[in-house]
Structure formats: structure tokens, C-alpha cells
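Just one chain is shown here, as C-alpha cells, and it is the form predicted on its own.
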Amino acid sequence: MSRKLAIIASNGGLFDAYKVFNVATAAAATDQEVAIFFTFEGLNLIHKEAYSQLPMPEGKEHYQKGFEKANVPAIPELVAMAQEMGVKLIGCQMTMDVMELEKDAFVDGIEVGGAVTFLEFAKDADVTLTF
């Protein structure tokens, strides 16, 4: 892998999840090394109970039919795809501590680390995005 993409996921809505995992899987499909740092509400995107029931923003319910019609995978499927493609998922230790969440509340295979863990990856990333 010659290029690196670093993503910070700090929002926990359904649209944020699609943005994060669509970009991450697209980059991984083009042989880029990808890491996502999930912090604050962004932890919802990898939380075992939350990620399968992320709310549709009010007034945007019509997107649900569009997602179904376009065969867009559900968020749990996108998370699994990302992991199969080698995307590194990093849960923010500080946020987990503040919210009293343990690693086993999240999808299997995540790494738990602080900002330094993410910065070590991101320091030589070609692109860094925040959602």
C-alpha cells in the first residue's frame, strides 16, 4: 500500500456513518491504507447496539427508500466490509473512559487507543478527513 487515508469520525448519525464507511472502503479498494479514529458520538458507528439502528435525520426519511432501491449495504455490512479490506478501526480510549464503555461493547477487531495512536498513523497520511 503506497498511500494512506486517515479519517476522524466524531459524529454518530446515519449519514455520517455512510460518509465514513463509503470513503474508507473506496480508499481500501484502491489499495490505500486506511485508519478511522472514532471519538465522541462517532463511537456509535462501531457500537454493537447502536450501529444497526442509527437514526435517519428528521425530514430525510425518503432516503431510506433510496438506500434500499440502490442496494446500499446497511452500516453493519459496511463495517464488516471495511474490516475485511483491512481498514483499521480505532476507538477513542478517552471517550470510552468518559462514557464508561468497555471494548467488548464494540464490534470485534477494533483497536482502542488515544489521540497519540491515531496521530502516529496520520502523521504521514496523504489525506486526512473529519466527519
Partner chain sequence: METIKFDQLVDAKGLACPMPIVRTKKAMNELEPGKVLEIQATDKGSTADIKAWAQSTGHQYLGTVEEGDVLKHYLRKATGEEKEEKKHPHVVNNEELQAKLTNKEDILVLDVRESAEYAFNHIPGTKSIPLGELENRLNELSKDADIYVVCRTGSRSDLAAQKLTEAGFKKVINVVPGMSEWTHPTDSLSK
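All values derive from a computational prediction rather than experimental measurement. Residue numbers count along the first chain shown, from 1.
Below: the form predicted in complex with the partner chain, not depicted.
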| item | value |
| --- | --- |
| Heavy atom within 4.5 Å of the partner chain in the predicted complex - residue from 89, 92, 75, 28 | 28 |
| Contact test in the predicted complex: residue 84 vs the partner chain, heavy atoms, 4.5 Å | yes |
| Which of 67 to 75, 34 to 42, 47 to 55, 93 to 101 lines the interface with the partner chain in the predicted complex (heavy atom within 4.5 Å) | 67 to 75 |
